[in-house]
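The chain that follows stands alone, in the form predicted on its own, written as structure tokens.
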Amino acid sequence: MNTVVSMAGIVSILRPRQGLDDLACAGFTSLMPDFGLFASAEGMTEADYRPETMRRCYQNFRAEIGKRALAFPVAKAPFLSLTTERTDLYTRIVRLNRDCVRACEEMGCGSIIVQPLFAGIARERIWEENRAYYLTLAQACEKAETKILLPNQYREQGGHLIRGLCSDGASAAAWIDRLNEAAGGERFGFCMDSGYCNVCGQDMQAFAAALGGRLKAVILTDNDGRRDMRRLPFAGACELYSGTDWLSLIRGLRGSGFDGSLILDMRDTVQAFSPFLRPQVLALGRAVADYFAMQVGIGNALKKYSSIVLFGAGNMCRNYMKCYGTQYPPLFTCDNNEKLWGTEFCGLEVRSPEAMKCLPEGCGVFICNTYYREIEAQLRAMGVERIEYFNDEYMPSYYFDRVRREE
């Protein structure tokens, strides 16, 4: 699973050095270039369309990026405003996005997110127009492995944001399947934007389940449920509640076995802070991205090992056993509390941490305790290398009562 950050609001195209350095210092190694920063589709006229100028701009930018160890798993083509009514742009948008597909491949991106055509097209013609559009873009790819990702959309009606194209999981899945069939291979996938889902009041768990393996990327961004904002997840929480149903998203991605790109888009949050404070905001963003990767990837992490043991004999261990104990039974659990050694907890023998020195080949250790960093350091000092975190905040079920022990 890749954790990726959108460069929008962070990196200046004309002066990219500071933003790129800040991202690298925060620990990001994978970025999402937005070609909308090089060429705007909105308001574009024939006179504005200068592909060579755009190409020189992004090539200069790429030269600066080449000085750093950065990867580009996914790019984003220029988007039209989702409230636009102009249809005369479509011919130039096709030309622009063909150039962006080629630029995407030159930069080493494996996927590019391309918005469907929508404004002014009769409902009965929507599929046929987009089928021709996307197949044209697929033909522009020089590499057969380059994937074009369709995103979900919203539209404005009476001052409200409601569901637009590809906002229904079953319909979106059908579009992907039909495009891949027409292209003669797996050339298309899907990118779910959590911000768009949130303003449309969608059930993201059901959406992810309907898409299944077609889901190749997820944009992580937060808003208030009414307006399209690009906030750092959890940054817009009010009265202890986030504006986005992250429980629904995480459960949906786990259930679908998601193993694609998690793209952090925090443009509005970053721009709200002074440049003096942005490095600290980006460091927090990196921690948030890692947290989502850990939560979404718990199931995939468990599958990696031939056997597992747990570290911790408390509430988190109980919840592990309730959710995963049957499918992935641990050999035993450990705890630093010597009073528990030799006892049984949730059907598991509780051993001393010294037992970690004699693990079988291919065994993974899952820390089931909130003192993650301290326990990880303890295990690494003992020579344990295959270490994972388990967290029960977004489990499908868990115990509400808590274990109480006498000191």
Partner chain sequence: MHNIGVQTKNAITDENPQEGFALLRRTGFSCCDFSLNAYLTNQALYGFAVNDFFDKSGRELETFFTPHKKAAEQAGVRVSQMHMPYPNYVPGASPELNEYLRCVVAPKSLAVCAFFGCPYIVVHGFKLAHHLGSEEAEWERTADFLDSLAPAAKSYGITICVENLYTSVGSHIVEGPCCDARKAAQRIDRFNEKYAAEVLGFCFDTGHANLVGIDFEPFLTTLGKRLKVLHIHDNDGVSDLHQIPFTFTRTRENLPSTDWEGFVRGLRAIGYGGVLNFETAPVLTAFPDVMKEETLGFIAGIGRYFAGELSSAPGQEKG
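All values derive from a computational prediction rather than experimental measurement. Residue numbers count along the first chain shown, from 1.
The protein also exists as the form predicted together with the partner chain; that form is not presented, and the subsequent description refers to it.
Of the candidate stretches 148-156, 254-262, 299-307, 71-79, only 148-156 has residues with heavy atoms within 4.5 Å of the partner chain in the predicted bound form.
Candidate site formed by Ile162, Ser171 and Arg226: every one of these residues places a non-hydrogen atom within 4.5 angstroms of the partner chain in the predicted bound form.
Only one of Asp245, Asp99, Glu105, Asp268 lies close to the partner chain in the predicted bound form, with a heavy atom inside 4.5 Å, and it is Asp245. Interface residue remark: Gln205 is counted as part of the site for the partner chain in the predicted bound form, having a heavy atom within 4.5 Å.
In the predicted bound form, Ala122 stays away from the partner chain, with no heavy atom inside 4.5 Å. In the predicted bound form, at least one heavy atom of Tyr241 sits within 4.5 Å of a heavy atom of the partner chain. Although the partner is absent here, Pro275 is not a contact residue: none of its heavy atoms lies within 4.5 angstroms of the partner chain in the predicted bound form.
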